[in-house]
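Given as structure tokens, the chain that follows is alone and in the form predicted on its own.
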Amino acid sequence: MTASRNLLVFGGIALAAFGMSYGLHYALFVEHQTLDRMGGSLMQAFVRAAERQMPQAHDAIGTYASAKYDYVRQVDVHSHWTGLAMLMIVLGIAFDGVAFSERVRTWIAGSLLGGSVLFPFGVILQTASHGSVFGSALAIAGSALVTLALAAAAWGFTRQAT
């Protein structure tokens, strides 16, 4: 196997294992507490609104929104890591069909692996600090890297077909 194929297949396997482990950890140790916080704050918001205590109701809705923000991103992180890993493995199997030199294919594979790690990691940083500019920038850079690498691979496949 070529270096680019090895990078995609074994990098994808490692990333899939990490993504699934992260998802398992989240499901076992964090998710239920987050869902409880979401439900409790939503209930609190309705109770305070019924009691016409609007500032407290708004605070409870803010707590719900914060918990929901974290929950959605944590679930997305594990699924994106695993999904991108599966894409890398499948792409790695056929990667010798990309009509570029091995050096260019290795750069494409490395960019895909790097972007697949950076994108979800940036999303995790967004949950650590809501509105984090660094986390958002990292997620955007990672997703751009994945997009460019996939576009380059697609271009290489079409060059082979012609």
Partner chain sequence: MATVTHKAVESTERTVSTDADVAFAPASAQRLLIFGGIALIAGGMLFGDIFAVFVLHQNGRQTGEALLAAAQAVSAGNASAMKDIFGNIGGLLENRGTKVDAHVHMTDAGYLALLLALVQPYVALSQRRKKLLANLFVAGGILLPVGIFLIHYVGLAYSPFPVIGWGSVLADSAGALLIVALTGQAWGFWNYLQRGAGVSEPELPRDRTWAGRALLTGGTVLLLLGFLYGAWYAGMDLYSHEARETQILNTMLDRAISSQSNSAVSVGDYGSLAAERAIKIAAHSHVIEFGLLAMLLSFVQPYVYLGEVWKRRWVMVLLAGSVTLPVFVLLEVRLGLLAGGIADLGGLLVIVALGGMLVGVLRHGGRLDAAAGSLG
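Because the structure is a prediction, the values reported are computed rather than measured. Numbering follows the first chain given and starts at 1.
We do not show the form predicted in complex with its partner chain, though everything after this point is about it.
**Q** Counting non-hydrogen atoms within 4.5 angstroms of its partner chain in the predicted bound form, say which of M54, A99, V104, A128 makes the cut.
**A** Result of the distance check: M54.
**Q** Taking heavy atoms only, is A16 within 4.5 angstroms of its partner chain in the predicted bound form?
**A** Residue-level check for A16: yes, a contact with its partner chain.
**Q** May I ask you to check whether L84 falls inside a 4.5 Å heavy atom distance of its partner chain in the predicted bound form?
**A** Output for L84 is yes: heavy atoms within 4.5 Å of its partner chain.
**Q** Using 4.5 Å between non-hydrogen atoms, is L150 touching its partner chain in the predicted bound form?
**A** L150: contacts its partner chain in the predicted bound form.
**Q** If you check in the predicted bound form, is Y69 within 4.5 Å of its partner chain, heavy atoms only?
**A** Close contact exists here: in the predicted bound form, Y69 approaches its partner chain to within 4.5 Å, heavy atoms only.
**Q** Do any residues of 38-66 have a non-hydrogen atom within 4.5 angstroms of its partner chain in the predicted bound form? If so, which ones, in sequence order?
**A** Heavy-atom contacts to its partner chain in the predicted bound form: L42, M43, A45, F46, V47, A49, A50, E51, R52, M54, A57, H58, I61, Y64, A65.
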